[in-house]
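Let's start with one chain on its own, the form predicted alone, as structure tokens.
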């Protein structure tokens, strides 16, 4: 194990005093170093320390799946034709022979059945996209629950949020390209949502689709957005995200020798890079195995898109399911405004709620920083139980997401479980408002219960399973005292106090008015850190009194 409070930079010797290169490789390296300074760069960064914890691998999965998406996407681009020009299919998939379809659909069929390894690459590409978004969401939740978004990492949190948002939409654009019946239904769904925007909706739809739906431009335009625009932005955000991770140091969990000013772990080279390389091939192998076993998006079963048809069980990939749920469970409200213009609230309100569902979790770090008035840097990650309100809020948000995901698949739930689709829809409507509140209360109480258990373990020790009989006949279980390392882990967290309002009058007896924001901050601070939101940590005096007076029993 190594501990470092920062990275050191060493001065390189002038090139005139450097030993003569032993071979051509060293000579080439010296030539590059003389122009780029790679020796100094490597010396100052390759020994940088990174902490070791399994949850930090979630971010690595995001990076590796992104690389897999790029590699497989380049291969697929060589054979895909982003055109909606009509053609007649004559290929190895007999059921569709003689059927009119777009060249986009026909080329996707050729990739699946004619190109060697094409179907496997298609499956790996799609599965990697699914895992990519899932890993990003879980990674962000890990950062959220451990408080790793606090200063100085707020901007990096927003970079991660931007990557998740763009990843969701790039995934939608990607599975819309084959122009099959399922993807066409999704594009039509998107068109309806855009048209619901007042005043500018029809103009936006004309701009995106190039005319009336379906038109002839949507697949070429989606292709450009999918392979060029969004990936380019994502690549920039990813590089910036990794640079900030490197610059700010990685967060670490509390433990002996770990402080806000150091990092305890393994060096980047050779330990971390060796593990990272092996983990990349493990992720690639697992995704390849899943792709070979489980088929996703079998376009040959759906057929080419026709505007007059829609497939049953038409759901998007899971990460867009909550937006579908918002539309499905929203009542079909319409109002007439401005002399007979129809405002479709049944679609427009879900369209407005969709970004709010994401924004509420993305903006939370700034709300917490304002409520707590905490301007310090934080490099020690919290245990979720020690931040009950934050953990309860995150759990409530996840429950809301899952409720809407169930709403997006209400037809599947109805057909598979033999339930009324109307009953499911009403249950989701009620659950939208009720379930997050219930989950918040339960999670908060759960965290407080875990805090009480930690306090008891510190004061009385852990259960040993050894039963002892006392002289007067009573049976008790002997408790074993925790090690100093375990005690430190359970008591290292901070417990901020609520922000109090200033006195109503100053020292001169002049009334002091507190503004609305000050009162709001004080109330929220009480909710975050008041007596009902945290259990006081055991003190050294309490521990000494119990251990000296009664022992561990």
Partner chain sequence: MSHDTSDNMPEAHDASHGAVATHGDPFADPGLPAHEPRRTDIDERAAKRAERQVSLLFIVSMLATIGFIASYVVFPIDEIVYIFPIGHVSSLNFALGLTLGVALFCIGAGAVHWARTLMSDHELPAERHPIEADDELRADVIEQFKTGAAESGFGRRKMLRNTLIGSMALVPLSGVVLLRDLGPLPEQKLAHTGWDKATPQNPIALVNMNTNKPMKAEDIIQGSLTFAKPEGLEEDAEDFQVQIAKDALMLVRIAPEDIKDNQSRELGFEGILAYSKICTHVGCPISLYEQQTHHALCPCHQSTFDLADGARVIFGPAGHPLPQLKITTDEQGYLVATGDFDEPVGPSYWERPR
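Residue numbers count along the first chain shown, from 1. The model shown is predicted, which means the values in this text are computed figures rather than measured ones.
Only in words, not in the display: the form predicted together with the partner chain, which the text now covers.
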Every residue of 330, 334 and 426 near the partner chain in the model of the complex, heavy atom within 4.5 Å
yes
Counting only non-hydrogen atoms, which stretch in 243-251, 227-235, 460-468, 139-147 is within 4.5 Å of the partner chain in the model of the complex?
243-251
Between the options 298, 95, 117, 449, which residue brings a heavy atom to within 4.5 Å of the partner chain in the model of the complex?
117
The partner chain isn't shown here, but in the model of the complex which of 161, 193, 131, 106 has a heavy atom within 4.5 Å of it?
193
With a 4.5 Å heavy atom cut-off, would you call residue 263 a contact of the partner chain in the model of the complex?
yes
Applying a 4.5 Å heavy atom distance criterion, does residue 39 contact the partner chain in the model of the complex?
no
In the model of the complex, is there a heavy atom of the partner chain that lies within 4.5 Å of any heavy atom of residue 484, even though the partner is absent here?
yes
Heavy atoms within 4.5 Å of the partner chain in the model of the complex: does residue 415 have any?
no
What residues in 267-290 sit within 4.5 Å of the partner chain in the model of the complex, counting heavy atoms only?
267, 270, 271, 274, 275, 278, 279, 281, 282, 284, 285, 286, 288, 289
